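As structure tokens, one chain now follows by itself in the form predicted alone.
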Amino acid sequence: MPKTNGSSISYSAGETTGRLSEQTIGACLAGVIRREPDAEALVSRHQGIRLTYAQFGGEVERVARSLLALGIEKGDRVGIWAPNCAEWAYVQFAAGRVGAILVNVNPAYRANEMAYAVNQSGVRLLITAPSFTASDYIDRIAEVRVDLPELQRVVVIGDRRTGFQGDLIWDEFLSAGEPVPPEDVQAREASLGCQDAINIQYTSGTTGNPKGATLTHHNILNNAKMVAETLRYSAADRVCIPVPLYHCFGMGVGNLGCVVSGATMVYPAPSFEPLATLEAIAEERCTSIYGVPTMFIAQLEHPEFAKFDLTSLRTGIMAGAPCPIETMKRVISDMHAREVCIAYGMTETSPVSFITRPSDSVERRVSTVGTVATDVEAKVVDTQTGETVPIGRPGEVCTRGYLVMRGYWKDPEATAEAVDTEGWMHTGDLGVLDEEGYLNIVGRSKDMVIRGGENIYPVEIEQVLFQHPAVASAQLIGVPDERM
């Protein structure tokens, strides 16, 4: 149980475990391959892919060799613009093995938004799906290619070509790596350290363009390990991951959470579909399910819900927005996820800083976001003075520890605004800490709308509306919606 120091101020420190890993992501993957080579690592149902850890490691190695063949150096940025698929995971772990910084590009981005992320981070190689839903990614890349001076090459997952010289389809990309000896990957790995930056994730901001939260092996690997330990994962667990991989929830808590514990990653569909998720849980005998409350509600309210056997479920994570008490009760009773936990955090904290425990009551799991994570400190401060407020009084939530990002990519001013000189990450969320260390989020100190667990900043939508010649002024206001 976190310590509140027996004082009346809103400060809490999680247990210091002494178990923070100094591994890189590649070393972590190598460890689970040695321990559990024949355990199932990845099931991508919509692609018909099913791999053991030994096989998954082989696919990751092929991609790592291909990255080296294309001249990717340590610290180079490699972007990925795709929905959930096996290739996403291969690229994630291959980038970790060769020391490339993976840049997650939101599948919902339009051409100009993708171009901003690619340019701001200096992506040299972009790995992309050919399309997703109504978005033709190849056409969108072509729209802005002239404005991407640092982008040297695009690799398309599949067999559709971009038409630009030097770009590759997936099989050509893999073939390029065949002459590269495995020893070259090993040599690159030996030069890496756990404090190296390994991931850039773009987060919306209240002013202007998104900011690239830069995370290290140490950040995201240890956060995944903490969550996996809280959920009591083992190699027997099978984790249904319908949340997007481009977000920390999917690639960090999801993919890495499985790899640190030897559990199985299960992708039901390219993006969230309630029926596909229910089918995956039932047919794959998943023991854990991730999602935001709207995802759980969509499954519970699906007309075919009653026909699925979900008794294999034990646990899971609900995050992104407050959970209605009736929804939590039904997740526990009707979905059988009796140990489902609530998690709270942000991309800049890798992401989870507070989490409920399986032993917490249903009331705690719907009225709070739990207690501070192990090896993490938290406090609630006055938004005007910065002083820590008394227990029970609202203020801005701040967190500190291994989980705080390296900073915003090439944006020292924004970094200094978010992370103070003492290492505290100022979340912008307003919360109340009680005597037992449980946190209740009560609002935002900045303007933001949460729709179905997704953070939406009005200024970004307003800026798009302003681009229309008939729009002189625009203001976006969040409206409550029963489902979202």
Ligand code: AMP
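What you see is a predicted model; the values in this text were computed from it and never measured. One rule holds for the numbers: they count along the sequence shown, beginning at 1.
Separately, the form predicted together with the named molecule exists; it is not shown, and the next lines address it.
Within 4.5 Å of some heavy atom of the named molecule in the predicted complex lies at least one heavy atom of A321. Although the partner is absent here, I441 lies within 4.5 Å of the named molecule in the predicted complex, judged by heavy atoms. Contact annotation for F296: none of its heavy atoms lies within 4.5 Å of the named molecule in the predicted complex. Although the partner is absent from this view, M346 contacts the named molecule in the predicted complex, with a non-hydrogen atom inside 4.5 angstroms. Just one of T230, S121, T203, T216 comes within 4.5 Å of the named molecule in the predicted complex, counting any heavy atom, and that one is T203. Checking A95, C286, V369, I80 for any heavy atom within 4.5 Å of the named molecule in the predicted complex turns up a single hit: V369. Comparing 380-388, 275-283, 170-178, 312-320 against the named molecule in the predicted complex, the single stretch with non-hydrogen atoms within 4.5 angstroms of it is 312-320.
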